[in-house]
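Just one chain follows, in the form predicted on its own, and it is written as C-alpha cells.
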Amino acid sequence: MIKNSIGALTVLAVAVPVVAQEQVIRIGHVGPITGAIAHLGKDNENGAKLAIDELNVKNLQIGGKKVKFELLTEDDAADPKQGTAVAQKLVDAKVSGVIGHLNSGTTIPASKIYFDAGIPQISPSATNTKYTLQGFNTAFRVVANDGQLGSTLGRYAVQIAKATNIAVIDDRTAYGQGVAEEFIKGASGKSKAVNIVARQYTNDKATDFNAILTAIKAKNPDLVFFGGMDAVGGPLLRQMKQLGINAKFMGGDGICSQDLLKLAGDAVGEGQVICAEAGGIEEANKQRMADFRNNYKKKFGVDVTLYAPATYDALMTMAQAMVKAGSSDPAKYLPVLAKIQHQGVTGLISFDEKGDIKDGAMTIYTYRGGKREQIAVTR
C-alpha cells in the first residue's frame, strides 16, 4: 500500500506541472436541438463534436501551452428569443468563439451580442444576406449567402427548367423570406417572359396549406418555389400532390435534405424537386468529403444530414486562427481569422471584407429513385 501510494504521488508530482500548463479553450455551438428541425441542429452539433475530438488528439500547443478544446452546446430551438438568451449565456461563460447559429432568424439577432462582447462567430448555415451586412467584424460564414443561392436557383428555374409561370411561397422567417426574395430577383432578371403568378405566405410551424395551394392552383404555375425548411416543405409538397398541382417544386438548402424524402413521401416524385445547397464539392475535394462522411458515420452511426461538414470546417478554421495567432484571446486571433485561408473538407475557406466566404460554391440536387441526386456544382 505504501509503495503504491508513493508511486501514485510520484506520478501526481510529475503530472501537476503538465496539467498546470494545459489551457482549456471553450467554443460554443448553437443550433436547434429540439423542435421540428432538431435533426438539422443535431447534424451540425455532430460536425462540431467531430472537430473537437480530432483537435484534442493532436496535442496542439497555442502560445507555448498545451490546449484542450471544450464544446459548449446550446439549444436555440430555432427561436430568435431563445437564440439571444443562449448567446448571452455563452458570452457569460467566456467562450473564445461561437460556431452557429443554424438559422438566419437566430443567427442575426445573436450576432449583435457576440459583436458587443468581441467574440468571433462563424455560422455554418445561416444564409440571409443581412447577417454580414451589419458591419460586425466578428460575423463570418462558411457557406454561400441567399443572394448567391437565390440567384443561382432563379437562373436555373428560367434557363434550365424553362419555367415561365412561377408561384412563390415563404415561411416569413429571415431565411425563408430572404431566399424567396433573392430567387424572385434571380428569376425575373433572367427573362422578361417570367411571370410571378402568385405570392403566398405561411409560417414555420404550419401544417395546413389548403388555402394558399388552392389559390396557387388557380394560377396554373409550372414551378412553385418555397422559401423555408424541410419540416414545412415536405408536408407542403404532399398537399400539392393531393390537390393535383404537378408543378416543379424548388427551394433552397432548407428543403434540400435527405429527410425531405421521409417528410414528403412519394410526393417528392422523380426529378420533380430541385434544390440547392450552399457549398459544393468539386473534384479536388471529393476524397476529403468521402473520408469525412465515413468518419461521421463511424462515430455517430448515421449519415450526414446537411451542414455537418460546414460546421466541422467552421470550427477547424477558428482553431487554425488561434494556432496562427498564438492565442485563443478573441481580440488577438480575430484579425488572423479575418485573413485566414483554410483548406477544409468543403473547399478552401477564406472571407471577404464582410465576413462572407469568398467564391462560395453551391450544389444543385433533385430526387430520383428514393435518393437525393446531384445535378451540378456551380458558383
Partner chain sequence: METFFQQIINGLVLGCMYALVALGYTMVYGVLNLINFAHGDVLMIGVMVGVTILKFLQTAAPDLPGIVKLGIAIVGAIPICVIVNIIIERVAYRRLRNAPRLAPLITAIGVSILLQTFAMMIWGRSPIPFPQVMPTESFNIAGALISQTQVMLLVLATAAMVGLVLLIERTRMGRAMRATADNPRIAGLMGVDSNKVIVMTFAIGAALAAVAGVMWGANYSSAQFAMGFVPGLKAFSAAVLGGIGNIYGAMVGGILLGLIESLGAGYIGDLTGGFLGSHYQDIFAFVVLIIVLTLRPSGIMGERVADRA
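Owing to the predicted nature of the structure, the values given are computational and were not obtained by experimental measurement. Residue numbers count along the first chain shown, from 1.
One more form of this protein, predicted in complex with its partner chain, exists but is not displayed; see below.
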Discussion item. Give me the residue from 72, 133, 302, 243 that has a heavy atom within 4.5 Å of its partner chain in the model of the complex.
Written reply: 243
Discussion item. Only one of 220, 210, 287, 294 gets a heavy atom within 4.5 Å of its partner chain in the model of the complex. Which one?
Written reply: 210
Worksheet item: Are any of the heavy atoms in residue 113 no more than 4.5 Å from a heavy atom of its partner chain in the model of the complex?
Response: no
Fill in: residue 238 within 4.5 Å of its partner chain in the model of the complex, heavy atoms
yes
Worksheet item: Any of the heavy atoms of residue 266 lying within 4.5 Å of its partner chain in the model of the complex?
Response: yes
Worksheet item: Would residue 215 sit within 4.5 Å of its partner chain in the model of the complex, counting heavy atoms only?
Response: yes
Worksheet item: Can all three of 172, 203 and 231 be found with a heavy atom no more than 4.5 Å from its partner chain in the model of the complex?
Response: yes
Worksheet item: Out of 243-251, 178-186, 123-131, 273-281, where are the residues with a heavy atom within 4.5 Å of its partner chain in the model of the complex?
Response: 243-251
